[in-house]
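Only one chain comes next, encoded as structure tokens, the form predicted on its own.
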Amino acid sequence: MEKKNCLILALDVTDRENALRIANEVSEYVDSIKVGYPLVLGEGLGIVKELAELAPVIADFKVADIPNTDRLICEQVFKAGADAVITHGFTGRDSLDSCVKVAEEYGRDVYVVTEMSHPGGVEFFRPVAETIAQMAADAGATGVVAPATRPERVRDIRKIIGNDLHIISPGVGAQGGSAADVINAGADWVIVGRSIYNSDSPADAAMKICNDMKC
């Protein structure tokens, strides 16, 4: 993923028409589009290929299973046209290795969740986030996911992974995170959803975030 605007759109809508409209409107401001279960369950995996014509797609499936199942999921994701997949790390190194291996075969990327952005994300992730971050680095993942709602945690995780891995950071806007603050803390990209796709003008909302970051 090429860094231009440091902005990833979290396209958590459920219908194809709306998704493509929003993606078209913001395509000049976003470096990637993140899709998850709401849209894929609503419209099928084929929506990934359509969106990939507008911007690189990150499949946010938070893959978390045994190695063979993870391999099968990642294969389907990359065959569908996604440039990257988001996985969990708590299932262990062998499961993560399976995802990284498939990504390498397809020339794609893997991002590993270290700590989630909602308040409950600290309950179980906080004690293991640094360990997961180190495992992601050791496994050769592309990067990690760290919370924009807690910039200090982004800073902590950056110290662990160094500059070899990217950090993508959700929680800006509706969850209260500041795009500028988390970029200054060490994130490479911020992930923004509702503040953009629920706006009367998604393009204007995306442009404002880009301007605020001065990436």
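The structure presented is a predicted model; accordingly, all values stated were derived computationally and were not measured. Numbers for residues come from their place in the sequence shown, where the first is 1.
Missing here is the form predicted together with xanthosine-5'-monophosphate (XMP); even so, the following discussion is about that form.
Here the chain stands by itself, but in the model of the complex one stretch of 65-73, 170-178, 156-164, 49-57, 170-178, has heavy atoms within 4.5 Å of xanthosine-5'-monophosphate (XMP). Contact check for residue 84: no non-hydrogen atom falls within 4.5 Å of xanthosine-5'-monophosphate (XMP) in the model of the complex. Residue contact with xanthosine-5'-monophosphate (XMP) in the model of the complex: residue 109 places no heavy atom within 4.5 Å of it. A residue is said to contact a partner when one of its heavy atoms sits within 4.5 Å of a partner heavy atom; residue 95 fails this definition for xanthosine-5'-monophosphate (XMP) in the model of the complex, lying far away. The shortest heavy atom separation between residue 25 and xanthosine-5'-monophosphate (XMP) in the model of the complex exceeds 4.5 Å.
Just one of 99, 113, 77, 136 comes within 4.5 Å of xanthosine-5'-monophosphate (XMP) in the model of the complex, counting any heavy atom, and that one is 113. Annotation: in the model of the complex, residues 10, 145 and 191 each come within 4.5 Å of xanthosine-5'-monophosphate (XMP) through at least one heavy atom.
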